[in-house]
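Before any questions on how it binds or moves, here is one chain, the form predicted on its own, in structure tokens.
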Amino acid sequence: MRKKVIFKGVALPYLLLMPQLLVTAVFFFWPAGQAIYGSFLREDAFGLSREFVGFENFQDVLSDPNYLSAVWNTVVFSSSVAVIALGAALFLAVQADKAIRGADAYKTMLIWPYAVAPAVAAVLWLFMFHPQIGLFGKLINGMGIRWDYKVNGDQAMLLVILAAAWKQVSYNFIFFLAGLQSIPRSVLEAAAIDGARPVRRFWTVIFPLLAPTSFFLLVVNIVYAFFDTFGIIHALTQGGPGKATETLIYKVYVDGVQNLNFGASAAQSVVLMAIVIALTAIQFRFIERKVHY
């Protein structure tokens, strides 16, 4: 019979939970509450006067063509980052799971990029693809292809997508590799004995068993693309050229920090939070149905 640990009182469980509850309250609920409160106010640039304006900030934001453009940029950026980062990580994890020489060094090198800060990752890609001093930038121009992401919006979007996806591949790789190593070898051997080739074994056996891991990483990657890529965009393109890479999270910064429009910035942060919560809920509501644990 399994023994169950029971606390005799309620003080100790709450005491053990208190540090995490305090961190959550201070760094999530309090800033979120301040953003919601500020979204209903109109404040001057010096913060000396405030005026309650109701939903006017939301109306101004949702009717702004620049904001709608940022929404489209975010859709393209986040979906591309998630697809590339997940696809590349899964491919690399499958290769690393094989019995190859130097597998430990291979795995270690793939994990290293996760330790790189987003701004540093952006600088690395800047030095590689800068049109004048970048190794690949000069090579592309030397091939007759005009490459200058500082004046070409499509090239700038491509560059920030690749940089953001590269930064996230290591995180996805760790989880995919752990998921692959948890699959019983007997299942794969049985499929091989039945005549299933490697590609068929992957799609009919391995990939379905990775469904819980894939679903978790899908949610994490969407949240990452919405929030944690600010440093990459800021260091690489600063939302340019011509707002071509200005995503929702970067527009919050531009309107709040650069333009000092605190009400609009707070309203945008509330809308962004609602979008991410809605996307996560949709994923759990519809996609999780197809996940078999």
Partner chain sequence: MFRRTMMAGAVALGLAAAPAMAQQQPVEIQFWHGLTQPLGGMLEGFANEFNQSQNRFRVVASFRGSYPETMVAAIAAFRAGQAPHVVQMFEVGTGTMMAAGRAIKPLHELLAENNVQIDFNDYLPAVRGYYSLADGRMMSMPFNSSTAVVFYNKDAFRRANLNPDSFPETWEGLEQAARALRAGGSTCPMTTAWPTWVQVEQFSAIHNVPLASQGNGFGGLNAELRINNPAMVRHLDNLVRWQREGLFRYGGRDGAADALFPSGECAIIFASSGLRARIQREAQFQWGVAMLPYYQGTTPINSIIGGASFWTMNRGPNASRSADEFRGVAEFFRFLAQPEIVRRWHVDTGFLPVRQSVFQAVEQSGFYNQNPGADIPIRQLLRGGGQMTENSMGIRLGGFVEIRTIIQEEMERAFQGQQTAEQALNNAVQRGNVVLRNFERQNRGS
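Positions refer to the first chain, counted from 1. Bear in mind that the values here come from a model prediction, so they are computed numbers and not experimental data.
Heads up, the form predicted in complex with the partner chain isn't pictured, but that's what we're talking about next.
- prompt: Which of these residues, Gln132, Ser182, Thr204, Thr108, gets a heavy atom within 4.5 Å of the partner chain in the model of the complex?
  reply: Contact residue from the list: Gln132.
- request: Go through Ala190, Val71, Val120, Val151 and name the one with a heavy atom inside 4.5 Å of the partner chain in the model of the complex.
  value: Exactly one residue meets the criterion: Val151.
4.5 angstroms heavy atom contact with the partner chain in the model of the complex for Glu43: Yes, Glu43 sits close enough to the partner chain in the model of the complex that at least one of its heavy atoms falls within 4.5 Å.
field: 4.5 Å heavy atom contact, Asn261 and the partner chain in the model of the complex
entry: Yes, Asn261 is a contact residue.
field: 4.5 Å heavy atom contact, Phe55 and the partner chain in the model of the complex
entry: Looking in the model of the complex, residue contacts with the partner chain do not include Phe55, since no heavy atom lies within 4.5 Å.
- prompt: Even though the partner chain is not shown here, does Pro241 get within 4.5 Å of it in the model of the complex, heavy atoms only?
  reply: Looking in the model of the complex, residue contacts with the partner chain include Pro241, since a heavy atom lies within 4.5 Å.
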